[in-house]
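In structure tokens, one chain follows: the form predicted on its own.
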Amino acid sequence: MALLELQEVTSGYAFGPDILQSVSLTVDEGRAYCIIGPNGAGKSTVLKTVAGLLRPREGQVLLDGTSIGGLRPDLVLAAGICYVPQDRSLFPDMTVKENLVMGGFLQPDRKVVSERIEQIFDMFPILRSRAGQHAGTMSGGEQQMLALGRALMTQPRMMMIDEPSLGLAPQVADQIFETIASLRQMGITLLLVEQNVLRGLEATQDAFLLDLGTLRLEAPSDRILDDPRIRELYLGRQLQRGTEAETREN
């Protein structure tokens, strides 16, 4: 049985038009997926609908075959699905450690929470050295690491990460994608939305191509990278920028 299924889901924002239009897709446990498509295609809307921030207007969102569409976000989180939004949504006036403690609010055993924090510090050594620093004073890359660490405090079955490299320098983005690779090795199911389509596809096994709120294609990520028509329609500008960058480096 699939871990997550969207069945003919139509969704959008309050008093606005439908963004997703009868979208159906399946996410298998332990695999990594990337949602790609042009701006306004509905990529982030998929994540927000699964996370409970948006209620499906039609269709069903199923986790292990049980409907979770319309559940409160805290109940979706308790069910094992964690959402890391674009803005990271940290508590800027709290320290790094306090943010991590907040990530463990579902765990009543404080000893377990402390053990998880140590595991996060082992994964992100920079966070250990910043443990007493307010999150709002950290760099963008450090904040993204903290956002991922706080999400891991819930020990999720599935992580949905919206634009993990947005606004980050290339070297910092490399560190974030190394972390994403580690999450895959840990067996966590991943669903990414990533503005750098090439990096997003390289970091995942499968991809969903959305356009105008409709699922146009579901295929292995490497197949999408190798398809000349898709590369021209959806990856052309990024490929051109990558070629120009390589030329400058040489």
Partner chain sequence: MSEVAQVMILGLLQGGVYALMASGLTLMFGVMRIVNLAHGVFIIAACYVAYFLFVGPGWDPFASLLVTIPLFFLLGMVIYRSLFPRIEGSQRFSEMTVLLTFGIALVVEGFLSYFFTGTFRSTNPPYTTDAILIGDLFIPTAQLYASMTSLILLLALWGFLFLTRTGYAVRATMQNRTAAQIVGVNVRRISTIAFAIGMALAGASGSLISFLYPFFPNSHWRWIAILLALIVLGGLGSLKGAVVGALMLAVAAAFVSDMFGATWAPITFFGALFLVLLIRPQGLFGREARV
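Positions refer to the first chain, counted from 1. What you see is a predicted model, and the numbers here were worked out from it, not measured in a lab.
Another form, the form predicted in complex with the partner chain, is not on view; read the next lines as being about it.
For a residue to qualify, one of its non-hydrogen atoms must sit within 4.5 Å of the partner chain in the predicted bound form; none of 145, 177 and 184 qualifies. The partner is not drawn, yet in the predicted bound form one stretch among 124-132, 169-177, 91-99, 137-145 has residues with heavy atoms inside 4.5 Å of the partner chain: 91-99. Residue contact with the partner chain in the predicted bound form: residue 77 places a heavy atom within 4.5 Å of it. At a distance threshold of 4.5 angstroms between non-hydrogen atoms, residue 219 is out of contact with the partner chain in the predicted bound form.
For the chain shown alone, residue 225 is not a contact residue for the partner chain in the predicted bound form, no non-hydrogen atom being within 4.5 angstroms. Of the heavy atoms in residue 103, some are within 4.5 Å of the partner chain in the predicted bound form. Taking the partner chain as it sits in the predicted bound form, the stretch 19-55 comes within 4.5 angstroms of it through a non-hydrogen atom at just one residue, 53.
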